[in-house]
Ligand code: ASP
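What follows is a single chain, given as structure tokens, in the form predicted on its own.
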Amino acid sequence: MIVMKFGGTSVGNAERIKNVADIIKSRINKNPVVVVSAVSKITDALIEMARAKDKIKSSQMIKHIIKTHMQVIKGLGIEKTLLDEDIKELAALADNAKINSSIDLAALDKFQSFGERMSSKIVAAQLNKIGITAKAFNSWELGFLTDSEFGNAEPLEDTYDNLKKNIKKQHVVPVITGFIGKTENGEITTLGRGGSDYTAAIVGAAINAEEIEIWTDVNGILSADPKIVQNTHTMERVSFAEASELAYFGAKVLHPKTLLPAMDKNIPVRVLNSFEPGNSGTTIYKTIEKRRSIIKAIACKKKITMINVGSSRMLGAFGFLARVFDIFDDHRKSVDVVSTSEVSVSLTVDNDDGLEGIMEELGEIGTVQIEKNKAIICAVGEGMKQVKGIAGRIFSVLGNNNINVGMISQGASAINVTFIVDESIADKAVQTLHKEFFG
């Protein structure tokens, strides 16, 4: 069995869905299990609808959502009443939300769920139309249970056994909603933006899939963001460690958590382009043989805030860093990059949400400085372990191009060098490094 996940652009309109169905049909001998995202831009529309301040705006958004799906259905020539129940339920949810005049995370998750609930039905209908017996499933119908962390839920351990048992007894191609699940109390949750990739990996781990395919709109994992660098190339093979670093530090092909369930089961993950299905894309393995290439890719993550905490009490003391990170933990704030000296610690966060309270508590243990509009640049490659002087080469070429570096960090794994620059020169930094290492 294989898992095939299709993202929003892959199911963005009738022609794209026809193409997706043909791709699935071409792999029917591998017993595919399909996971789908919402139709392109529908999740954003659902969020806008949920947060609408008046009935007119809400009505406009639901009309847009209905029109988008009806155009797809018409283009495919499938049953027009396919989504009637979902549309009726969504409209009732919107009416109820306006009566309550507020929207919490639980309600927002319920709104967002309709994108995948509708796209899965459309994809299944198209598969049946071309002779592939398929059935749409909301993930919870197959036992996908999560905790109650609305907006960023995690699967419960029982989910894996549930999925294995319920998927393997199906005699159809299951088309499963990505991104969403349910708590044990029956409340709908989401796994965070991009969570359909995570769903695919969880499903793949549950059924011990031969392979997990992530179908998107680029030819695999590239050496840099093609919007920044023109002459990028596709990496044929990367390790789990390299892909995880790239995903976390800005490569947008994969959700950062996607690889974890696959890594645990040593299942290869292929990143493929539904617009060019003949392209071999990138395959991610748990480990790969040593290659001569030094750096595989340059990732960039913008809109970063850097926080510097200085205190003479750090000198020769123990427990200081623990106190710093306990503050971030108490505020449920994730830290990306860390660098320390004898009397200071610098770290980055990817948004300003909740920073006011964190700054106040940090101020009680040291002097705090905050710098906004920063970017993380990360050079990734397992070849860096065996080659001396890589860091020197990186920072020499940056210096020669008048690119100032504000903070440097290298992980213990020695497969990446990460540094911070002003966001205004981030593109230049990526272009400079790509030219240095890829020509």
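Computed from a predicted structure; not experimentally measured. Just count from 1 along the sequence shown to find any residue number.
Omitted here: the form predicted in complex with the named molecule. The next part is about that form.
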Checklist outcome for this item: With a 4.5 Å heavy atom cut-off to the named molecule in the predicted complex, the contacting stretch among 370-378, 391-399, 34-42, 66-74 is 34-42
Checklist entry - Is residue 194 one of the residues lying within 4.5 Å of the named molecule in the predicted complex, judged by heavy atom distances? => result yes
Item to check | 4.5 Å heavy atom contact, residue 179 and the named molecule in the predicted complex | outcome: yes
Checklist entry - Is there a non-hydrogen atom of residue 245 within 4.5 angstroms of a non-hydrogen atom of the named molecule in the predicted complex? => result no
Checklist entry - Is residue 116 close enough to the named molecule in the predicted complex to count, meaning some heavy atom within 4.5 Å? => result yes
